[in-house]
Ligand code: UN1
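Encoded as structure tokens, the following chain is the form predicted on its own, with no partner shown.
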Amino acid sequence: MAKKYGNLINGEEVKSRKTYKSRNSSELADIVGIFPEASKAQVRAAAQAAKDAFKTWSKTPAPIRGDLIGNIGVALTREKESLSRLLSREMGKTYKEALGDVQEAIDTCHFFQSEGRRLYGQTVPSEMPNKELLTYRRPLGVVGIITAGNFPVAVPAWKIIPALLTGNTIVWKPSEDSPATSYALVKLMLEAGLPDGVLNLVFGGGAKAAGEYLIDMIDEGLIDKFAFTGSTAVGRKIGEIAGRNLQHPTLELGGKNPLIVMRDADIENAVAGALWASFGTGGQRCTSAGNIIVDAPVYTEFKKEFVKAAKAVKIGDPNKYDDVLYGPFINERFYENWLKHYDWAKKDGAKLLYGNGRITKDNKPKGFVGDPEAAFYGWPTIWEKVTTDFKQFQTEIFGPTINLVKVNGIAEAMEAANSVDYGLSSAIYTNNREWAFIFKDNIEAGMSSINNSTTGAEAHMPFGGVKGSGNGTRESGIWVIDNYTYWHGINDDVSGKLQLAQMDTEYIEAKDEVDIDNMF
């Protein structure tokens, strides 16, 4: 019998009347746990608990908060392997990738632990005598967080760790696709010494469920900041609600990321990077490559080698086979949405180079291992003769699918790369420094790689996009601190009298002009 879990509100486990089952993405008959569907009243209670806890937590010295972040890092390091196994079991990521997911959270803790001693303000000279100007970073209040299930440890850590460090309190609604991993993560964070109410966890779905209820708390005045990772459509709705409440949300949204291969590229390296960008995590990353834009002189060679590499990809249950490149879809909904693009391609006239829909016992590539019908697996799928007006070129598909697009020269490559409504990640393979410069100077994206994949992030670099991929906010590194604080300016006047800036300021008057011509 699967174990039942509760929401974690104000330090207590709170059960809900409605529940749902979390299943092993690679073996759907395996139930990982039974989790609550939080009611609106429970979400409101979590927000109120966070609001009450803010009064004390915000006054806890920042170096002490940083020390607690260090404790979280220690706990995550201790449980890295077990948490990674749970993550892999629940959402279908390979164990190697799961280890990286958890390590990213550990790295985030290492980075922000010391930032507790560097939440610097400034002292600024005044234009008045006997007066001092100072600035301080202040926490915003209660942060509502919603995250996706494809990175169930790293992405929440990007939000939770800096929000806690800067003195905010939190209500987090994780993806319904990874509740067990989320529960374990919060328990480890609570172990570190967080006071009751500082970090609250509520489970459930999105629309007309816990996710929507949490967003509603903005209008109720219980949420002061919102941080969201997910679809552009939902991000726009959050942006509208936050905007009317004069809040600036953190929105990390979708992507349709270009990977350019120029005529001078190292083809072997480009194929390796493109294969990982296209099919790593089964294409279920916001930074996965969406379109591979190939310069005409090397198009045929690249296509040949890329298709050959795709045919050699090993796919299967990552809990049983350590050497698979990718496992199943996270859930049936993702699989069904992915399958639709085959109809789009047929309608628009794309040519299928490799792939054949769902993997089954009677329809599987040579590299598949295990039981294909225990979960939802997709063929690595490659299309060509795709142009920028095709739906599959413009739309984030979120699965193991890639388009090959032929161009002629760097100008056409850049035009194609920038012709989507997204702007998250991007990459180019070239050894020509002028082309590399043109790329990094003109690409419409928040992140770019030269001679590397579109995927990958480091805890001390900014992560986020432009256009339909975000609203200019960033995760990670020192930049994220701006998202969870506001600047407080202080005028400290010890003159003992009223001094009016600009009006009482004793500006120095210039003396008579100097005539150089008559000086010598």
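Because the structure is a prediction, the values reported are computed rather than measured. In case it trips you up, residue 1 is the first one in the sequence shown, and so on.
The form predicted in complex with 2-aminohexanedioic acid (UN1) is left out here; the points below concern that form.
The stretch that touches 2-aminohexanedioic acid (UN1) in the predicted complex, counting heavy atoms within 4.5 Å, is 450 to 458, out of 465 to 473, 53 to 61, 450 to 458, 488 to 496. The contact residue chosen from Asp196, Glu104, Glu212, Asp371 relative to 2-aminohexanedioic acid (UN1) in the predicted complex is Glu104, the criterion being a non-hydrogen atom within 4.5 angstroms. Between 2-aminohexanedioic acid (UN1) and the residues Phe151, Phe203, Tyr429, Phe228, the one pair within 4.5 Å by heavy atoms in the predicted complex involves Phe151.
2-aminohexanedioic acid (UN1) in the predicted complex comes within 4.5 Å of no heavy atom belonging to Leu185.
Using a 4.5 angstroms limit between non-hydrogen atoms, Val155 touches 2-aminohexanedioic acid (UN1) in the predicted complex. Interface residue remark: Ala277 is not counted as part of the site for 2-aminohexanedioic acid (UN1) in the predicted complex, having no heavy atom within 4.5 Å. In the predicted complex, none of the heavy atoms of Ile330 sits within 4.5 Å of a heavy atom of 2-aminohexanedioic acid (UN1). Heavy atoms closer than or equal to 4.5 Å to 2-aminohexanedioic acid (UN1) in the predicted complex belong, across 286 to 319, to the residues Cys286, Thr287, ordered by sequence position.
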